[in-house]
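Only one chain is included here, represented as structure tokens and corresponding to the form predicted on its own.
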């Protein structure tokens, strides 16, 4: 028999929840379904769990084998869904992620509504969202209620809470030459982009009943991506879901060894967790290990350094050492004494000199990179430009929004403004 429902499960490195997602499909009271597990080249642990379920002839497994360096070029889950839709044979289509579960009656309830109301082509249900801590323990939960018949469901309906007909999907394909739009602009809201296509043909019909549960932990994509600017400023410490920590330096990602992380006086509280695709969009630069203390030209920028024999303190910027002119200049830019890295006189002498950093005044000609400024709005200094930055973006990047460098309007006219660091959702 041809399947009635085609369920599409997208998967990437969630070994702790992928099993329960698959089992929630196996537990459906209606058994005439097919499940496409579309995995985005997950780690061995995740793939190993998936393979435990492949004896069921209704389950199909596909691995994208995507390379890390290519991840950011498409909205990956949309690409995976499109691949499954080309293979799906069900009369009805529904979606699942590796951190979501269906309640056992979901398929039956949704199919019944679609069968009994031929003018309805898209249904959506209530959803419970459970927020988890670092240990996977639930902190709290909310219910996303239905909002009646929707013509503008973007931002209101999660794609794990809908089912639609195959027929309406085919209408979209004929109009757009594809199903989901996997342009990278829609990483955060690929479902909203697809909803806009769906609602050109029909509205979302509500089922006021909870039929799925979403789990949102610290590593969920939505949490990691929220308020992240399209371009990450130089000097930002970042990490993906793995344990490696990188510094964005000259718009490259440079991995830092754990030992050198401590020696360079970095703070783990400054590390920003980001999704893998946004980490891998940066070309990998030179590994930061003990070799940097043999050649200071390999030292990452935005570090304070001095020799043990002399009181002068320098700031590394554009791969040059910039003398901090006096104690007032040090205080004006909120530098911290406990972040000074000690290096030898010989190595210090080998590093090229840059312009000195003077105390904050209208006479100043050079700004230290990576400093957060504030008058009415926030700005971050990079390459002697002041870049506007949204407060929520500054918070995401662990910048000191409660203790910025205060400036007046006259100071703003002295330096050119650079491209802003904003977070945008496109609907």
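Since the structure is predicted, the reported quantities are computational estimates derived from the model, not experimental observations. Residue numbers count along the first chain shown, from 1.
Not on display, but discussed next: the form predicted in complex with a small molecule.
Within 4.5 Å of the small molecule in the model of the complex, a heavy atom is found for all three of 11, 71 and 221.
Residue 97 is the only one of 165, 146, 236, 97 with a heavy atom lying within 4.5 Å of the small molecule in the model of the complex. 216 is the sole member of 216, 255, 328, 263 with a non-hydrogen atom lying within 4.5 angstroms of the small molecule in the model of the complex. In the model of the complex, none of the heavy atoms of residue 229 sits within 4.5 Å of a heavy atom of the small molecule. Under a 4.5 angstroms non-hydrogen atom cutoff, the small molecule in the model of the complex has residue 77 among its neighbouring residues. Under a 4.5 angstroms non-hydrogen atom cutoff, the small molecule in the model of the complex has residue 40 among its neighbouring residues. Residue 277 belongs to the set of residues with a heavy atom inside 4.5 Å of the small molecule in the model of the complex. With the small molecule left out of view, the stretch that reaches within 4.5 Å of it through heavy atoms in the model of the complex is, among 282-290, 349-357, 115-123, 77-85, 77-85.
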